[in-house]
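Below sits a lone chain in structure tokens, taken as the form predicted alone.
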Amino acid sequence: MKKLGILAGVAGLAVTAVLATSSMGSAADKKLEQLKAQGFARVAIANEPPYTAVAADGKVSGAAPDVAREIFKRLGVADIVASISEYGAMIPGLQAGRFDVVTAGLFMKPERCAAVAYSEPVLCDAEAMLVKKGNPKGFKSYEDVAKDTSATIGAPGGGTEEKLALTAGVPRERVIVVPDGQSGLKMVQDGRIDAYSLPVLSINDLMKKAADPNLEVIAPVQGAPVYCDGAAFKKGDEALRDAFDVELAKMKKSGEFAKIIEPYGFSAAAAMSTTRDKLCAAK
């Protein structure tokens, strides 16, 4: 009887372990099931073409949301609903549960990788500056802006370009936070700032729309690294991120990924040439 009691106890522990493992698995899948049930994923974007864009009718497009929409469809989530956010507010918003994912050209860097669970690379780009025609101050790098004691540069608040300018030695008072691309363009045209910095694709999109012969693009900015973004998920949602990565890998292999992003001017080969691990470890 005693032996049977011990065996029963061992069997009970085994069942408990199986149930615990099953519970962990179901918890890991819970987020995806929740998104399937509500029929959409809430995404944070910056309204910065060609990364992200919002049409007059509210339709969300751009390379990053288009990739995310297709992947979520494959995962059984019918659509995405976007909220426009400043870059500096995206990660806090994700952590607070206001979004399910950030799909906005939020480049991978070690400090961001520590704060969110990134997918594998989606979009890659370099840095650029918008200046007056002829580049009157001769800017080639952020260091050039720092050396010119009268120069000012505009950049999105909390974005990569703001940090690059500050790191290069441009004093805080000469780095002007600009809310959106059109404002940056107008400030350069009006002479209120000497340069406006954004990724190459975003600056080129602004120039195309402005068609202003009095402006010029400096690209790539010397000494500035090439970056890649990924879809950013909340820590704890790694199971959802992993499911996203599985579909992303399939699309990269089939060529469907290239069909979505290359019309926007992005290179699929660039995104496939590196990994999340490499980008998150980069100094």
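None of these values were measured; they are calculated from a predicted model. Don't overthink the numbering: it's just position in the shown sequence, from 1.
Keep in mind that the form predicted in complex with a small molecule is not shown, yet the notes after this line are about it.
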Inset, instruction - Verify the contact flag for E161: yes if a non-hydrogen atom of it lies within 4.5 Å of a non-hydrogen atom of the small molecule in the predicted complex, no if not. - result: yes
Inset, instruction - Indicate whether the small molecule has at least one heavy atom within 4.5 Å of a heavy atom of M129 in the predicted complex. - result: no
Inset, instruction - Answer for G181 alone: is it within 4.5 Å of the small molecule in the predicted complex, judged on heavy atom distances? - result: no
Inset, instruction - Please check if Y87 has a heavy atom lying within 4.5 Å of any heavy atom of the small molecule in the predicted complex. - result: yes
Legend entry - One residue of V122, V188, I153, L106 in contact with the small molecule, assessed in the predicted complex (non-hydrogen atom, 4.5 angstroms): L106
Inset, instruction - Work out which of L198, A165, V101, A195 lies within 4.5 Å of the small molecule in the predicted complex, going by heavy atoms. - result: L198
Inset, instruction - Please state whether every one of the three residues E48, Y51 and R112 places a non-hydrogen atom within 4.5 angstroms of the small molecule in the predicted complex. - result: yes
Inset, instruction - Please name which of the stretches 138-146, 73-81, 198-206, 169-177 has residues with heavy atoms lying within 4.5 Å of the small molecule in the predicted complex. - result: 198-206
